[in-house]
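Only one chain comes next, encoded as C-alpha cells, the form predicted alone.
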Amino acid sequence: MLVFTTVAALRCYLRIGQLGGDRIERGVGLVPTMGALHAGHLTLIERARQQNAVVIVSIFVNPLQFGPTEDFQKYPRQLEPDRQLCEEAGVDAIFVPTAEEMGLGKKEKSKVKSQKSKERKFSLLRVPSQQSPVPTQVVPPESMTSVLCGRSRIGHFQGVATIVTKLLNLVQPTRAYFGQKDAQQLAIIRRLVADLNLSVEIVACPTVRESSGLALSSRNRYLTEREKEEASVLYRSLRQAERAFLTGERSSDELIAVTKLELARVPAIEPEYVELVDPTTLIPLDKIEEVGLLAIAARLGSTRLIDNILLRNRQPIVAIDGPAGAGKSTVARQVAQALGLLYLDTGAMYRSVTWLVLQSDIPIEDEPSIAEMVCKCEIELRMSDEPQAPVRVFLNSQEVTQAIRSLEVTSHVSAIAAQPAVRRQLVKQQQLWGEKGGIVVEGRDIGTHVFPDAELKIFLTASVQERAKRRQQELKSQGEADLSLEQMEQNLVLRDWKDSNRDVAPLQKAPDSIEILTDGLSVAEVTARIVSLYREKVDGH
C-alpha cells in the first residue's frame, strides 16, 4: 500500500501507469475520512473493495467543518493505526495531506468565515479577507444547511462540501463512499454531484452499530462505558418509531412523539432535535408518502451524537446471502411463501446468462461479446405452483428452467457472474424488482451490494462437508453424474475462493446481517428462524 502526502504525488500515481489502464476502467473507489478509523469505516472500504479494482482512502481532519467551540484540536489523530488498518483491508493507497496542501493556508485552520447562500444550486464563492485570503468555498443551498445539524453547526456543511469537492476533483473516482449515519452530509454531497455535473457515483453504506445499537463514531471514544449504554437509547427510540410506522403510522408529529417518549427514559440525554425530513431534499415532512428520514441529534455530557433511520413506505425486502450449497434457494422460496412475499431468483438470472453464453459458443473470457449479449437478452421469471420448480425461467421467450441447472452451467456461472458488465445489467433488473419491495432475494452480494437497505439481511452458511453432502444428493435426484464427496468438497472450496476473491461484488457477509449456521438444521427449522427474525425486526413482535 502506498501513502501520499502531496497532491502532485497522488496525481502522478493516478495518471502515469501505476494503476494500469485496465484497472482504472474497472473502477476507482474513494473513501473520504477524517481518520480515527473504526469498523464503520471498514464497511465503506470493504464495499469499495467489492466494487472497484482500486481503492483510495483519504485521511484529513478538515478544519473548515469545525466551529470555534468544536473539537478540532482534540479530534483523535492516529495515523499509524489507521495506516495499518487500511493495509489489512486491502486499500491500494491512502492520501494524508496537510491543510496547506489542501489549499487552506495556515490562518484558516481554526476559524473560517461562514457564508450563507440563498441559491437553489451549489455555487463557488471566494470570501476575501484583509489578513489572508480564505480559500474558495463550495456553498450548499441554504435549504439544505439551515435544517437539522445545520442550525447549530454554522458553516459545517460548507466546509464538508469544499473538501469533498476538492477530493473528487483530485481523485476523479468512479465511486465515492459515505455512511448513512451522516445522512444530512450524504444528501448534500449527492446534491453537490448533481448540481456540479460531477462524474462520480455516490454510494451510501448502512450504519454500523455496536451490539447495544449505538451507531459507531470516532467520537464514541469520548464516552464512558456507562455513557455508551445510555447513548444506545437513540437507536431504541428510532426503532420504536419504526415499529409504529410499520403498523401504519405515517404522521410526522406522532412518529416524533414516539421517539421523544423513548428518549425521555434516559435523563442524561439532552435532545437537540428530532425531525422527520425528505432524505433527498431535507425538506420537513408532515407525513410519509414514500420515504422519510427520521433524524436525532443529542448531547450526552460534552459529546454530541447523531443517528437516523429511513422509513420506507414499501413492503420489506429480505436479503439472504451465503456460499454455494448452503440451502439459500430452498429456504428463500419457503420464506417467501410463509411471508406472502415474492421470491426473486437472482441465481437463475446469472445461470440463464451462463447457459446462453455456452449455447452461443462464446469464449468465457470474451467479456465484450458477453456484455453485448446480456444487454440484448430478456429474462423473465414466473411463479409456479410446482414444488420442484416454483420459479419458471424464460430466456428470450424460451423456457430454460431445467437447462440452467446442469453441471456445465454450474461450473461456469461464477466466472460469468464475476464479469462487471454482466453484473451491472442484472443488478439493474433486480433493483427494478425491488423498488416496490415485498421480495425475498438470495445470492452472494444481495445484502452488501444489490439491496444494502434491505429490512432484513441473513447470511446463511454451512460447513463444506455438509454442503458437499447436500450437493451430491441434489445431483443424484437430477440424474447428473455422481461425484465423490471428496471431489464435491474440493469443488466447493474452489468455488468459495473464487466467489470471495472476485474483483466485483465478492461473497461477503454484510455487517448488519444475521448469520445462521444450518448444519444439523432442517429446511423447516431454518425457515422458521428467518420468519421469526422477520417478525421481530420488521413487524416488531
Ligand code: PAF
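Please read these numbers as outputs of a predicted model, since none were measured by experiment. In this text, residue numbers run from 1 along the sequence as written.
The form predicted together with the named molecule exists for this protein as well; it is not shown, and the discussion that follows is about that form.
Among heavy atoms of residue 40, none comes within 4.5 Å of the named molecule in the predicted bound form. Contact check for residue 275: every heavy atom lies farther than 4.5 Å from the named molecule in the predicted bound form. Contact between residue 178 and the named molecule in the predicted bound form is found at the 4.5 Å heavy atom cutoff.
Taking the partner from the other structure, the named molecule in the predicted bound form has a heavy atom within 4.5 Å of a heavy atom of residue 164. This chain appears without its partner; in the predicted bound form, the one residue of 53, 483, 34, 514 with a heavy atom within 4.5 Å of the named molecule is 34.
This chain is displayed alone, yet in the predicted bound form one of 101, 182, 227, 453 has a heavy atom within 4.5 Å of the named molecule; that residue is 182.
Using a 4.5 Å heavy atom cutoff, 62, 65 and 160 all lie near the named molecule in the predicted bound form. Picking from 302 to 310, 204 to 212, 182 to 190, 408 to 416 the stretch near the named molecule in the predicted bound form, with a 4.5 Å limit on heavy atoms, gives 182 to 190.
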